[in-house]
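As a starting point, one isolated chain is supplied in structure tokens, in the form predicted alone.
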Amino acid sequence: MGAVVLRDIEKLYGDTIACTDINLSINEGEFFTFLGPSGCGKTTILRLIAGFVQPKKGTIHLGRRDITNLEAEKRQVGMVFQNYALFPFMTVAGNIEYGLKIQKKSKKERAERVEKYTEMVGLIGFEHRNISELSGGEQQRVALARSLAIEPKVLLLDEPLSNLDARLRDRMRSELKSLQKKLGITTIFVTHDQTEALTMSDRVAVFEKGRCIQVGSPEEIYAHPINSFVARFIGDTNLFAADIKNGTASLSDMVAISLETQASGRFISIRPQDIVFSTAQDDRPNVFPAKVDTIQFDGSSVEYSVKVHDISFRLTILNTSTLCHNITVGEDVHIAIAEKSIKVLDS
């Protein structure tokens, strides 16, 4: 049995289904991410695991223990909220030891754990500061230390990086992942940010409208999306409805793309980095004349939008010192699409 197991979980708010038919098994020591748009049910499931709300049906197990109806404070689960939920009238040390007081730990043990986890999150010397004196990143560290100090079996993270600026968020991703691996603690992370999910997770569960659509490693979900929703949500893609017959996907009367296999489906997905500029003399399949519509410089990459007859394609090319594409808007070019890069999807 996994560290956290959810079986047939359903939760309603009035007549609105927050989540339904949720069956997940999260492994010991795993960094597992719930990914999806706002309102898809991922935070509700986190709160169900924490014990803040109760399911309409189904069971939740922590190891071999059924915790479905157990009080939140008895579940050995720590949670870091999106807004951190720190006590502004307490010091850093006071916040960190709060849960230890609830657990009725001795004064000596509370002091030892405050020191241990303050050091672990890099806040030595901040113990007596008020929360209002801290930056967003420092407050995030306090919230993390407070959750870790109770030494939970499972750590729940509800979009804890969303309030940080981009550069700090990148740094905290790395630090959080490193700390999680060091402690070996089972961690469930909620986010709508695909970059966080892809860079931090051992496995990802993608949610849509209260249902879990696909579970797998970041590589599996990115390379083999189960449907068009996952293809769109995980990374950028060119997604087209297509008439697929006899190994060909027809996007319009003028544009038909050869497929690697005789697959059947209703959509095709092509990642922008899998489309490249070519020459008219290229004799590979799927080489098309095109006209450059827009160019967007993103620093590390350059994104092009080109039109093949009435169909728009997006290309992404890494911006390196050897990049020699002097391509301009309105220019006539050729693009090439490798057959093996085209994913056929049923829905």
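Since this is a predicted model, take the numbers as computed values, not measurements. Sequential numbering from 1, following the sequence displayed.
Form predicted in complex with a small molecule: not shown, discussed below.
Of the residues 43, 316, 68, 286, just one reaches the small molecule in the predicted bound form with a heavy atom at 4.5 Å or closer; this is 43. A heavy atom within 4.5 Å of the small molecule in the predicted bound form is found for one listed residue only; from 113, 192, 169, 177, this is 192.
Only one segment in the set 34-42, 58-66, 302-310, 287-295 has residues whose heavy atoms sit within 4.5 Å of the small molecule in the predicted bound form; it is 34-42. The closest heavy atom approach of residue 16 to the small molecule in the predicted bound form falls within 4.5 Å. Proximity of residue 274 to the small molecule in the predicted bound form falls outside the 4.5 Å heavy atom cutoff.
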